[in-house]
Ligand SMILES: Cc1cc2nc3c(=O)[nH]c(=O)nc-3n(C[C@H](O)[C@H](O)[C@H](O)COP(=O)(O)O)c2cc1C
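Okay, here we've got a single chain as structure tokens, the form predicted on its own, with questions on binding and movement later.
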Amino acid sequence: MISIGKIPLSSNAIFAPMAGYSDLGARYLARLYGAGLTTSEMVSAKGLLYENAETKKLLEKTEIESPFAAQLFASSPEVIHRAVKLLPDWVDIVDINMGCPAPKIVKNGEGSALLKDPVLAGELVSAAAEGSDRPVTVKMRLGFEKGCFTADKVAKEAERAGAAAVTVHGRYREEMYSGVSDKNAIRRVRDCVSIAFFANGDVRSLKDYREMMEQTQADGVMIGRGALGNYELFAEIAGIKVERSDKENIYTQLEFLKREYPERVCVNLMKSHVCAYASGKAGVAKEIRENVHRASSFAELTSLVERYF
């Protein structure tokens, strides 16, 4: 089985960090269904230095999340060196975000903007590795502008700087989430490094997983949007059986969110999750999504869950 540094994973299918989606409940279900690793939502390294309460909240984990990774974003080696020292003891792995395409992240030279500067990317990895004894990993895209392939250079710099693993999403920053994940390009990066390697993008079924593994020759696959409302995919890959209904899973996620947020915020966050589950409801998926987006309270949301699930 694959390991990251000296940390073994129970499965080579892992759950992706996704801002606004990979919250406590989602990660709990991913692990319950057999994901080998879960990672926090994207955390600001500067926020850690400023002891921001909301930043700290993102680093909380559930009782079954072991190992657990924290994903940090930064553009300053000094900042990330100091930030990793402030991570709580239960964080096992430090992941550096070099793939987020959001304009508010990119404009600060963070996330996928780092794909334009492989040397700086390597310096961030080196600073994180020197600041903590935890394994350091990197999640990236193919490059910043479509056609300007830099992931190979960034991956090489990351490995040289001490990274224990690399994950590559098969799109450029410019593409955001449009188009199709490029498996051939992911394979080109795979061939450049000897550390643990994960492929990411458009894996929504066991067939997709097998094709991704075969075509990229990755050690494992990171699954993000394809797992939302579809956590059974991790169980299929791991070869285990988990007897739970969509309704049970929805209420589990809702209970976790209730611990963290006020009702309005909780309901808004759950809308995306419930709509993801609706994708499996042929004939009524559109109707469910329309009604869910109008919900504004726990009562309205749970009424819809009882009606449709």
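The shown structure was predicted, so the numbers you read here are calculated from the model rather than taken from an experiment. So that there is no doubt, residue numbering starts at 1 and follows the sequence shown.
Another form exists, predicted together with the named molecule; not displayed. Remarks below refer to it.
Partner contacts here mean any heavy atom within 4.5 Å of the named molecule in the predicted bound form, and among 117-125, 197-205, 76-84, 234-242 they occur only in 197-205. Taking a 4.5 Å heavy atom cutoff to the named molecule in the predicted bound form, the contact residue among 9, 285, 295, 18 is 18. Listed residues 134, 190, 173, 139 were compared with the named molecule in the predicted bound form; 139 is the one with a heavy atom within 4.5 Å. Residue 224 belongs to the set of residues with a heavy atom inside 4.5 Å of the named molecule in the predicted bound form. When the named molecule is considered in the predicted bound form, residue 90 lies well away from it, no heavy atom lying within 4.5 Å.
Proximity of residue 278 to the named molecule in the predicted bound form: non-hydrogen atoms within 4.5 Å are absent; the residue sits far from the partner. The closest heavy atom approach of residue 97 to the named molecule in the predicted bound form falls within 4.5 Å. Taking the partner from elsewhere, every residue among 71, 169 and 177 has a non-hydrogen atom within 4.5 angstroms of the named molecule in the predicted bound form.
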